[in-house]
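For reference, the chain that follows is the form predicted alone, supplied as structure tokens.
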Amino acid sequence: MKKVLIFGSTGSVGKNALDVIRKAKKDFRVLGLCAYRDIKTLYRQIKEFSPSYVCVRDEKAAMELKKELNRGVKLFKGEEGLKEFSCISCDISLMAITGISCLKPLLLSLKYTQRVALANKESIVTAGSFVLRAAARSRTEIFPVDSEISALSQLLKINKAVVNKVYLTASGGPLLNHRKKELAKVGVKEVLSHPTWKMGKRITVDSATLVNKGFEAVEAHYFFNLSYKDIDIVIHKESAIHALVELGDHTLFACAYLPDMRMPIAFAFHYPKRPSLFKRIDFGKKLSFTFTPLPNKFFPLLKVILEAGKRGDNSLAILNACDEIAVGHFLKGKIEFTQIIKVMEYIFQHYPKSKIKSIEDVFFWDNWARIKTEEYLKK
């Protein structure tokens, strides 16, 4: 029975991970649960899964939860508590903390776990080389939980021949059929109405701008040592085929499953086993898998992210922070959807270029970008 730590258990990915465990209770034991401040959801999870360790990053919420906990449960609180929680030995760590705040616990956890199921893009986008080197030193496996990157990893495990090109698929999000002049008028509710996936709010907005797909291309570059010229993106509205690999003779291999985040999570948890846990694609019904070229002019931020990835400097750390702040303002109704694009293009054109030489540099430029983005948006 494998012992599992869940970082970000009350979020969308964390809940899906617990459902994977729920369907395979003989294979896994929830050793620890970590959340930011949603103690109501966390308490329900504690009652069901009986973890030995619990971490709440918001100290006030932690003290409220402490009143309800049994004596046998060890509670960690605040950022110091998160560090201690990250050093608990386990078989699998699911890293589903959102944003760059996942980076430090991830780097710590690599030393104390055999496998990381990584659901956090930002840690690879902003510090991919540092994370992968740390994993190699600790001899810890990292399994990407992002659906497209997980699909790509599965295809590359099967196909050992020389890869000519890889394709990541994109649904195009809820705004694909909008005209450019209509985008300034779209509201939060419309942007969050993703046609195929149920995800967190920021990643759903990033799917509408295709920033999310740019970040996935960066992940593919780091995880599989791929040149950006060998990574392509195509529109696939059904979200059933998640990635394709083209070999040297132009043969294509596709990885397909229903748009359900539990599938890549289950792969990361169970590999090399593949138990049947969730719904299969039903070929007894009429199916249609469509592919169309990416309308690049409609998604200017994808080009920005890819250019930043090719530069290999501090721009990815800056753009990630800028995107988080801008999306936050949009979700609060403070700016229009198109202003997310404007601020990111502006910051990308005016940032001071610098090499990232340490993890401290990542956090320095992350903070710089947050300040500059706030200043721009206030204008």
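When you see a residue number, it is the position in the sequence shown, counting from 1. The shown structure was predicted, so the numbers you read here are calculated from the model rather than taken from an experiment.
One more form of this protein, predicted in complex with another copy of the chain, exists but is not displayed; see below.
Exercise for the section: Would you kindly say which of S171, N164, Q114, S101 lies with a heavy atom within 4.5 Å of another copy of the chain in the predicted complex? Expected result: Here the answer is residue option N164.
Exercise for the section: Quick one: from E84, E246, D91, E307, grab the residue that has a heavy atom within 4.5 Å of another copy of the chain in the predicted complex. Expected result: Contact with another copy of the chain in the predicted complex is made by E246 alone.
Practice task
Classify R280 as contacting or not contacting another copy of the chain in the predicted complex by the rule of any non-hydrogen atom within 4.5 angstroms, answering yes or no.
Solution key: Judged by the heavy-atom cut-off of 4.5 Å, R280 is in contact with another copy of the chain in the predicted complex.
Handout entry: Partner proximity in the predicted complex: P293 to another copy of the chain, non-hydrogen atom cutoff 4.5 Å
Key = P293: yes, in contact with another copy of the chain in the predicted complex.
Exercise for the section: Spell out, yes or no, whether the shortest heavy atom distance between L252 and another copy of the chain in the predicted complex is within 4.5 Å. Expected result: Flag for L252 set to yes.
Exercise for the section: Verify the contact flag for L183: yes if a non-hydrogen atom of it lies within 4.5 Å of a non-hydrogen atom of another copy of the chain in the predicted complex, no if not. Expected result: L183: no, not in contact with another copy of the chain in the predicted complex.
Handout entry: Interface stretch in the predicted complex with another copy of the chain - options 212-220, 185-193, 122-130, 150-158, non-hydrogen atom within 4.5 Å
Key = So the stretch in question is 150-158.
Exercise for the section: At a 4.5 angstroms cut-off on non-hydrogen atoms, which residues of 2-32 are near another copy of the chain in the predicted complex? List them in order. Expected result: If the 4.5 Å heavy-atom criterion is applied to another copy of the chain in the predicted complex, 2-32 yields nothing.
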